[in-house]
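So this first bit is one chain, no partners, the form predicted alone, shown in structure tokens.
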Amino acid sequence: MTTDIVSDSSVTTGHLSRELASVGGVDAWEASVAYARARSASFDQWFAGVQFDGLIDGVLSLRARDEFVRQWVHDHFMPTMTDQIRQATGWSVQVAWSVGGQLERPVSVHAPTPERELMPAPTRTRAPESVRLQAVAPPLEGLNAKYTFSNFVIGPSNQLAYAASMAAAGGMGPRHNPLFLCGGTGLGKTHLVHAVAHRVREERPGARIVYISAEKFINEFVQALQDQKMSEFRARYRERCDLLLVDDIQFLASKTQTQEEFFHAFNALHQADRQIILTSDKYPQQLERMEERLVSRFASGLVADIQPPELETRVAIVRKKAQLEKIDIADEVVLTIAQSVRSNVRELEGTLVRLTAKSSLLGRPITIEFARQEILAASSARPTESSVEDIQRIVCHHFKLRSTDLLSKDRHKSIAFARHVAMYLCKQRLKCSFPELGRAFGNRDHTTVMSAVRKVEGLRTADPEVRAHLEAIERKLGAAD
């Protein structure tokens, strides 16, 4: 099912290149594509989800993979592109969007290259091999070559973090500083941080990038103190750094001296408008034993969380991993893996690799039966885990409600509170995404679940009665497990 959106595109004042003058509809579109691509490193990433369906009498027909892609492309690319088309054709351009459906001809794959370049590249004399080798930046320690934007699978659970990371790397859209990526283990935070580093190095080989884990930052600080090299340590993080990427910032907790040093490094970079990206498994406000002044600075930019992927994204992740590793696997097996492993991306990819390795060792094809047997064997070795239905049942028993009450539209205070508690416990104990929990609680919107979880988190700390209810239910859940 698709939706149609027609909107007047805002017009920006831009330079009209001579090559764009007096060209027709399709030619004008092709030229605007080349114009935008030449000016944005992230063009192909976004236009892989956009299809050109025609440009007739000023109506530009486009199809977007989903509403998020439509909104981003419309806000950050369309003003410039429609301005180029308008100046080339004289038309008052309107954009007619269709959202959803199969994209048979994505722009980034199938966009034809205009015969005329927008701005002819100047003739350059080929530099000697020695000079060209010196221009290549040395490898950056700790980066995974596979962690690029093109290998990252975008879904509702991570689209904000992806878009913010693209912008931080120099793509279209507002840049937020600092950018704080938070989420559970194995959901893609490190992938995005590495992708930013790769993109910046590709666009600006001379950029001084520092990628480090919080643990290594602590070790370097202690070593610098012991060796009396604090001036060198401070210069590395305050002066010789254009992009600072810190993984697992939560490990600075309780390290008072290290936090003091990081605070000053953060301030120096932020005042110089150098990009800072941090990752954590918690929101800034949930970081315990972290100085308040650091917490406030972490939260001063954009906090983008990454949730466990929903089924459609899990399917896309398994397919992408199979493509990268050149694994031939049937669609029904991909679906089986995605339905069975819901926790995180790392476990999804690990399951596929394990199945492939065992299939190769045993000389057996990866069939649905084979996949189910191996997944069952791996899961049986883990502790038994409650399901959403188990948690709903125990919460209803505790509050003396019927199971249908949690799924109903009843907003009575006692029922709403029990429903919020059940949502909170499901999120804490299971690896379900917000959209999946919304469906499990009467097809509610995922934002409703997010609000409930955060509300109960706050009450748990502030209200002893709520804390007592939660501890009693958790004891029952522990006994059931």
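Throughout, we count residues from 1 along the sequence that is shown. All figures in this text were calculated on a predicted structure; none of them were measured in a lab.
Absent from the display: the form predicted in complex with a small molecule. The rest refers to it.
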| property | result |
| --- | --- |
| One residue of Glu261, Asp390, Glu349, Asp405 in contact with the small molecule, assessed in the model of the complex (non-hydrogen atom, 4.5 angstroms) | Glu349 |
| Contacting member of Met166, Ile337, Leu252, Val345, with respect to the small molecule in the model of the complex [4.5 Å, heavy atom] | Val345 |
| Heavy atom contact within 4.5 Å of the small molecule in the model of the complex, the stretch among 405 to 413, 144 to 152, 265 to 273, 79 to 87 | 144 to 152 |
| Contact test in the model of the complex: Leu245 vs the small molecule, heavy atoms, 4.5 Å | no |
| Contact flag, Ser359 vs the small molecule in the model of the complex, heavy atom cut 4.5 Å | no |
| Touches the small molecule in the model of the complex: Gly186 (any heavy atom, 4.5 Å) | yes |
| Proximity of Ile317 to the small molecule in the model of the complex, heavy atoms at 4.5 Å | yes |
